[in-house]
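Take a look at this single chain in structure tokens; it is the form predicted alone.
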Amino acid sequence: MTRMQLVEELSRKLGVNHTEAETIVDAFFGAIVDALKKEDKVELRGFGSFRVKKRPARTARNPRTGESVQVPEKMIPYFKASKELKQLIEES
């Protein structure tokens, strides 16, 4: 499902116009992104949790030239599905 399909589904289910549904989706995703930028954990009971993990600096190899390259440490988003979500997916 794409972002626009989600907007259309919310618009249909909530009985709101497309613009209002798009605002809801943007606000929801914006709130998650803002929390992750602060390195907060976002937990949606029955769905899963979003968090940020620190990937340490490492030495990698350029596959084209074979030359060693230093990759700096960085923060990456991580999602872990809840047990309930996993069970719902298995049942279908």
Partner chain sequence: MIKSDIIDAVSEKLTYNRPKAEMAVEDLLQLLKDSLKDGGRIELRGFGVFLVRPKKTGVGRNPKTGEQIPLQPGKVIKFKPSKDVLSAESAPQIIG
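Numbering follows the first chain given and starts at 1. Note that the structure is predicted; figures quoted are calculated from it, not measured.
There is also a form predicted in complex with the partner chain; it is not shown, and the following applies to it.
Engineer: Is there a heavy atom of A60 no more than 4.5 Å from a heavy atom of the partner chain in the model of the complex?
Structural biologist: Within the cut-off, so yes.
Engineer: Although the partner chain is absent from this view, report whether K13 comes within 4.5 Å of it in the model of the complex, heavy atoms only.
Structural biologist: Yes - in the model of the complex, heavy atoms of K13 and the partner chain come within 4.5 Å of each other.
Engineer: Mark K54 yes when one of its heavy atoms lies within 4.5 Å of a heavy atom of the partner chain in the model of the complex, and no otherwise.
Structural biologist: The answer is no: K54 has no heavy atom within 4.5 Å of the partner chain.
Engineer: Evaluate R64 for contact with the partner chain in the model of the complex, applying a 4.5 angstroms cut-off between non-hydrogen atoms, and reply yes or no.
Structural biologist: No, no contact at 4.5 Å.
Engineer: Scan 17-45 and write down, in order along the chain, each residue with a heavy atom lying within 4.5 Å of the partner chain in the model of the complex.
Structural biologist: E20, T23, I24, V25, A27, F28, F29, A31, I32, V33, A35, L36, K37, D40, K41, V42, E43, L44, R45 sit within 4.5 Å of the partner.
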